[in-house]
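Given as C-alpha cells, the chain that follows is alone and in the form predicted alone.
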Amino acid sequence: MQSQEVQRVLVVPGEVIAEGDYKISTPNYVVRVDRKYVATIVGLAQIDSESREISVIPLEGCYIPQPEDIVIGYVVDTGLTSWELDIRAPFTATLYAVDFLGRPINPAREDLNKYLTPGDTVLARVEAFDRNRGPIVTTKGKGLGKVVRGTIVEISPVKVARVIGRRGSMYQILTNETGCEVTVARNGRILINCPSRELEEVLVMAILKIEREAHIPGLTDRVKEFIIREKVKRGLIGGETKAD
C-alpha cells in the first residue's frame, strides 16, 4: 500500500509539469529547463512527492529506436548481405548476415534465405540509429536471434513501460502468476511462452488490460486480481482463492 497519493495531470508538449529538484523517470518524455520540468508529449504527468520522481505516461505514440533497445522484428526482405526487418518504426532495420551468422559470407555462393526468410521473427538489439538512415540491429547477445517458438502480443509501444512497471513490479506479477516466460520488447511486441493454452489466454488478456487501462491508478493490483479471477474461472486454481 502506498503511503502517499501520486498526483497525475494531463499535459501537452511544452507544458511545465513542476519546478524544483526531481528525478526524471521517463527521459524521453520530460526535459529539464533550468529548474523547470517540461513535457515533450501528450500524456499523464505523474509526480511522486515522496520519492521526488517525475514521469509521463504517453497516451499515444510510435516507436522511435534507441541504442540498446531490445526489439522484436519481422523479416520483410532479404538482400545479398543483410536482411530488412520491420520493427514498427518509421524505418526498417538492417540486420547484417555477418552479425547474425558470426562469420563472413560470400554473397555469390550463399543464399541468405537459407537462414532467414520473409515472415521470420527475430529478437534483436538496436546497435545504432540516426535520423539520416534506418537503424542497425544485432543478434549478438544472450537469448537473441531467430524466434522459433512462442506467441507474439502487440501493444502500443508507449505502453511498454506499464507492462514492465516500476522496478519491474508488473512484469513480476505477469510471470509469477501465470508461470509464463515473457520477453517485453521496446517496440511493443511481447514474446510469451506459457505452460498451457489456458494460461496463455489469461496472460494475453492481462497484457491487453494493461494497455487499455495504462492511465488509471492502481493498475498493478487490478491486474493481479484479474489474473487470479481468470485462473479460478478456468479451474487452474481453487475457487477459495480471494480475488477481490
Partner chain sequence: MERPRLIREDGLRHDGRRPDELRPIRVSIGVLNKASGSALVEYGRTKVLAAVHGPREIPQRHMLLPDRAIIRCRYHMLSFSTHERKSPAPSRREIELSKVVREAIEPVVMSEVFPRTAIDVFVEVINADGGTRTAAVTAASLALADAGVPMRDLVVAVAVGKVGGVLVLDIDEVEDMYGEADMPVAVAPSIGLMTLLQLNGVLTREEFREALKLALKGATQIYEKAREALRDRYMKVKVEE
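Positions refer to the first chain, counted from 1. The structure displayed is predicted, hence computed values, not measured ones. We call the rigid core whatever largest set of C-alpha positions still superposes within 1.5 Å between the two forms.
This protein has a second form, the form predicted in complex with the partner chain, left out of what is shown; the following refers to that one.
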- Considering the partner chain in the predicted bound form, which of P107, P90, P118, G141 comes within 4.5 Å of it through any heavy atom? P90
- Consider the chain as shown here, without its partner, and state which of E68, E60, E181, E201 has a heavy atom within 4.5 Å of the partner chain in the predicted bound form. E60
- Query: For D77, is any heavy atom within 4.5 Å of the partner chain in the predicted bound form, or not?
  - Reply: no
- Interface membership of Q46, the partner chain in the predicted bound form, 4.5 Å heavy atom rule: no
- Residue contact check: K36 to the partner chain in the predicted bound form, 4.5 Å heavy atom: yes
- Message: Under a 4.5 Å heavy atom criterion, is K146 part of the interface with the partner chain in the predicted bound form?
- Response: no
- TL;DR on 109-117, 132-140, 168-176, 68-76: the one with heavy atoms within 4.5 Å of the partner chain in the predicted bound form is 132-140
- Query: Considering only 196-224, what residues come within 4.5 Å of the partner chain in the predicted bound form, judged by heavy atoms?
  - Reply: K209, R212, E213, H215, I216, R222
- Exceeds or equals 2 Å, Cα of P27 between the shown form and the other one, core fit: yes
- Query: 2 Å or more on the CA of V56 between the shown form and the other one, with the rigid core superposed, yes or no?
  - Reply: yes
